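The chain that follows stands alone, in the form predicted alone, written as structure tokens.
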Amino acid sequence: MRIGVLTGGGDVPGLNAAIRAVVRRAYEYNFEVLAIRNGWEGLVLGNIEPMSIRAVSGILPIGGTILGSSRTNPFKREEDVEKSLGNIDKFGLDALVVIGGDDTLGVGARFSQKGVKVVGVPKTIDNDVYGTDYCIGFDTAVSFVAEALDRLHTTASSHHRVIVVEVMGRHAGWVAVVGGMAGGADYIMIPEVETSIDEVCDHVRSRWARGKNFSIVVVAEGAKVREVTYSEEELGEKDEFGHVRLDRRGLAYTLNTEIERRTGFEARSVVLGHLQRGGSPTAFDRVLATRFGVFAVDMLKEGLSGNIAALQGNSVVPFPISEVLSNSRPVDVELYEMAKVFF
């Protein structure tokens, strides 16, 4: 069997661990592995080359992806779909292992519908791929967020400030809720639950009244804030999957400015941005990525294409990639309500 492996979308820590696992397991079965460079772009352009076990030596602790990535969507142009299918034939690929989030796995699902053997490995720091309890990269991201909040607590308390911390989370607030809980956030704003600047200000005032003369507010980049509205045109050009760049909302700065204006308390904003994607993966992400990569190859060996490797409880199981495409995984409202106990 000849397997093509690619990583698509935003990078996360743990991708290299998954690539390593795919290659090591494949060669154990005497399968051949070909590297598809820069996500779906590599399949369109035929940027494909053989991959040896030596190529994955020493990459377990390294962040990012040795294969490169992109946000290319071959289904935006029919000719790119035909080029991709042509390159699958040209390079003799019997199957694809697709490592990515909703968008990358969604493209994989569409190729699966066209008869290509595809298995998926879910990765995204947003942790919102349907069907799996955890995605590669999430644990590392929230560990970084928690450490950042620990550091910000000391400066916020020293200067009696409100610090608004913006984290990633376009459609789901997993990073904000879990990272915020772990880092002792005093207020958390997420896409799933609409809040308002007035509510945040009231909370900050109530803390000051109780003698807590500083606050840490964590806000997901896609949080719904009643007074903060933008048109998609204002946020600029969309990527090939129809997403605008949410950093252009300037949400943390807007909140910090309004909190200071409305309460009179000094405020600052911090955007953690791509720091959440960088660095070496945690032990959890290394092991999760390894389990997913091995299981992906096992699924191909057992004729279970059309599935992703999904963590459910403590077991890695096959889950239909078609269901990933048609569903979402928002934050559990009960988890958010529990986080509010500490607001």
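Every value quoted in this text rests on a predicted model; they were computed, and no experiment measured them. Residue indices: 1-based, along the sequence shown.
Below: the form predicted together with a small molecule, not depicted.
- Considering the small molecule in the predicted complex, which of 179, 169, 108, 100 comes within 4.5 Å of it through any heavy atom? Checked against the cut-off, the match is 169.
- Message: I need to confirm a contact call. Of 71, 224, 249, 83, which residue comes within 4.5 Å of the small molecule in the predicted complex, counting heavy atoms only?
- Response: It is 71.
- Query: Which of 288-296, 23-31, 53-61, 270-278 has heavy atoms within 4.5 Å of the small molecule in the predicted complex?
  - Reply: Flagged stretch: 270-278.
- Task: State yes or no: in the predicted complex, is some non-hydrogen atom of residue 124 no more than 4.5 angstroms from a non-hydrogen atom of the small molecule?
- Result: Heavy-atom contact with the small molecule at 4.5 Å: present for residue 124.
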